[in-house]
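Taking the form predicted on its own, here's one chain by itself in structure tokens.
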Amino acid sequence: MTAPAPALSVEGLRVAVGPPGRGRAVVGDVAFAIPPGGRLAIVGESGSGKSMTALAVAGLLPRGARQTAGQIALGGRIVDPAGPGMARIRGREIAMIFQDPMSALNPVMTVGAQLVEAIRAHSAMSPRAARARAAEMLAAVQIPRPAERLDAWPHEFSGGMRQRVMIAMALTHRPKLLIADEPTTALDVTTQLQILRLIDGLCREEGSALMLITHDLGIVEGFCDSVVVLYGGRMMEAGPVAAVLGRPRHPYTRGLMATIPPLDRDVDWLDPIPGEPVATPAADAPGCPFAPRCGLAEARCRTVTPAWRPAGSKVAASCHLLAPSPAGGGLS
């Protein structure tokens, strides 16, 4: 029996900013796949290329940024995120929840009008039927008195409720893929958990695959199946969540895990990763982008780009120290 095509497949994705021929690569050779109904997290510090990767997949790269290489496929069908056909795909087969729901919602349109507009953009529903569907979606995201709240303005909703509206809008057409870009950043801890459970439950109900962009590894452990670790616009490590976070191979992944306080004991000090993240990634530069902050770095780490190689069962990483070094060292 033939296995179903991945809900999303990304191969060799490269994104550059700046004039053609003189641009700077901010995402380089990113590749991953999400099976139908799967949950993939992309993690890393701010500036690692997480959001730029998500925007490239959704065809929403900002002005001055462009995809320079790579292939993106939805359900086995190759798509051009920058092409005219993406307008028919985005919102129907692929949907996105943004970081800040207040800036994503139009402040001079009622919540209902925005939902109805999103619904009718990809269907032949009458305004009345679309309004009924909008109320149904508000009920699905657990907003009280949904029919009444359709006539409310975005500023009349709390941050958590605005995020629920964005989830309702994204899932209206039962997309094959939902991209959630830091969907809980501006919310308190209790609301964060509610929103994540809501996204997870609705995705399972609709059969949508989830691509979660986050810097919170605790979220990853609780809600995702696989994880891609980015730094400087490049992949450092990838594989099943339990394997990558349970036994990280790459020094950067180990550094991220060391910054999480343990739940079973008190500690006086957490070990931060030294230095600062790169302000503007140069994903096409030679060497490992993490080398300036890595306590294990060797001379070759700064001049030779490490290969992407297996690092255990279903895990791969990009690090010279995964293979025996001339001095006999290395990471297991």
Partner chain sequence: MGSGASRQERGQALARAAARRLFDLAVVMVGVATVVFLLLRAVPGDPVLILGGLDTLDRDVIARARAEMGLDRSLVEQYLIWLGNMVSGDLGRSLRSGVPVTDLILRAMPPTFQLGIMALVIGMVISVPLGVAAARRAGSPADLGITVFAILGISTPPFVIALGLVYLFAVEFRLLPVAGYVAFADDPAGNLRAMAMPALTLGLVTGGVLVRMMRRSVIDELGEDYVRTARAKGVGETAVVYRHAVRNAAIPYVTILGLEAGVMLSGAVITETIFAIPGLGRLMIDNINARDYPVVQGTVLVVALVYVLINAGVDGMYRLLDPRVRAGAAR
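Numbering follows the first chain given and starts at 1. Everything numeric in this text was worked out from a predicted model, so none of it was measured.
Although it is not shown, the form predicted in complex with the partner chain is what the next lines describe.
Trainee: What stretch, of 107-115, 250-258, 218-226, 136-144, brings heavy atoms to within 4.5 Å of the partner chain in the predicted bound form?
Mentor: One stretch meets the cut-off, namely 107-115.
Trainee: By the heavy atom within 4.5 Å rule, which residue out of Gly160, Gly91, Pro240, Gly75 makes contact with the partner chain in the predicted bound form?
Mentor: Answer to the contact question: Gly91.
Trainee: Looking at Leu196, Ala121, Leu187, Val79, which has any heavy atom no more than 4.5 Å from the partner chain in the predicted bound form?
Mentor: Spelling it out, the residue with a heavy atom inside the cut-off is Ala121.
Trainee: With the partner left out of view, is Glu182 within 4.5 angstroms of the partner chain in the predicted bound form by any non-hydrogen atom?
Mentor: Output for Glu182 is no: heavy atoms all beyond 4.5 Å of the partner chain.
Trainee: Can any non-hydrogen atom of Ile213 be found within 4.5 angstroms of the partner chain in the predicted bound form?
Mentor: No, no contact at 4.5 Å.
Trainee: Indicate whether the partner chain has at least one heavy atom within 4.5 Å of a heavy atom of Ser103 in the predicted bound form.
Mentor: Result yes; Ser103 sits at the interface with the partner chain in the predicted bound form.
Trainee: Does the partner chain get within 4.5 angstroms of any non-hydrogen atom of Arg128 in the predicted bound form?
Mentor: Result no; Arg128 lies far from the partner chain in the predicted bound form.
Trainee: Do all of Glu156, Met166 and Met169 end up near the partner chain in the predicted bound form, with near meaning a heavy atom within 4.5 Å?
Mentor: Heavy-atom distance to the partner chain in the predicted bound form: all three under 4.5 Å.
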